Each structure stands twice: as C-alpha cells, then as structure tokens.
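Just the one chain here, laid out as structure tokens, in the form predicted on its own.
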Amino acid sequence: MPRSGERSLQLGLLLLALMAVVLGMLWWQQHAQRARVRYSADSLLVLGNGFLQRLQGLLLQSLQSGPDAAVRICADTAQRFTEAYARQYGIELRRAALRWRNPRNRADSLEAYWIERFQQWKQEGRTLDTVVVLRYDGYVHVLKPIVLGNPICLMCHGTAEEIPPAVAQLLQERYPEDRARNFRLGDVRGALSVRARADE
C-alpha cells in the first residue's frame, strides 16, 4: 500500500476515535445531568398524570382502527413509550399490577402492598382519588391507583363475554400468561409508580 494510503487510513482511524470520544463525552454529560435532576412529589405527580393522559390518547387513537389495534399498541408501543418518557425526564416510571398482562408490569413488593391497600379502600367505599408519597434513601416515590373507568377498557380487560373473539385470540398469542381479565368498571387495575431523586 502506498505511503499516502497508509496516512489516509491512519487519519481516518484517528478521526473515528476522536468522534467516539466526543460522542462518549456527550452521552456521559447527558447521563450525569439526568442523575442530578431532582423532583418534588408534586412535580412527579404532574409527570405521571401527563404520562397516563398521553398513553390513554395513544390507545384511544388506535381504537379507531379496531380493538385488536389497541392490543398491538399495548404490546408493541406502550412499553417503549413508557421507557422513552422515563428517560426523557430522568425518572423511574411503571404501571404496576397484581393481575398483570405484560410480565414487565408485575408489581414489586412495595407496589403490591399499595395496590392491595387501594383495593381495600375501594371495598370500604373510600375515594380512590388519592396519592401516596413515600420518601426513602434520598428518593421520592409517588403511587396512585389506576382505576378502570372507561367501558372501552372492558374490550380487553373485561369478562369473556365482553372481550371480542379476535381480541381474545390476539391476547392469547401475545400474552399466554395474561392475568388482566375479568375486571369490572371501577376496579383498581393497578398503580402508577413514579420514583426519582428527591429535591429535599
């Protein structure tokens, strides 16, 4: 190989190495900045409510193409949307459930405790328009019940008679361990769980 070709190759490799270093530094700066972001309980609740509204909007929009389209959105889009939203704001964000459809939404022990409390409060006739705020280890953790409040939700989460056969088949294919059926309007479906470093 001619000497000028070797120089060109070396220069190209050097430029690639420099680009990798710059990109790595930019990534690290973004990561470090996110780690420094701190939130109050109120601001986490605002972010959580905004997330739920946007996700519900995605689902309602997909229903215009039929209930099976909504199942596909839940299966393919909802998790990615949740992760992207959490990453954007530097928070931990989950829709946790005891009777989960996607195993990734299975409640941990803390979330399970509060979901059970929310269910108990419903049985006692207490309002579910409530928010639980926990503070520990420098974090603030906000949990609020997710209540099945729209009859449309029964097309995926209701009884066998309420779920259309095409949807039932798609759910069986996508979620063979599905536990998120036989809900009624007003039931506690799970909990919104949002956690981040506390601002105090």
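Numbers for residues come from their place in the sequence shown, where the first is 1. Just so you know, these numbers come straight off a predicted model, no measurement behind them.
Just so it is clear, the following notes concern the form predicted in complex with a small molecule, a form of the same protein that is not shown.
Contact check at 4.5 Å (heavy atoms) against the small molecule in the predicted complex: all three of 79, 148 and 152 pass. Contact annotation for residue 100: at least one heavy atom lies within 4.5 Å of the small molecule in the predicted complex. Residue contact with the small molecule in the predicted complex: residue 41 places no heavy atom within 4.5 Å of it. When the small molecule is considered in the predicted complex, residue 71 lines it closely, a heavy atom lying within 4.5 Å. Remark: residue 47 does not count among the residues lining the small molecule in the predicted complex, judged by a heavy atom distance of 4.5 Å or less.
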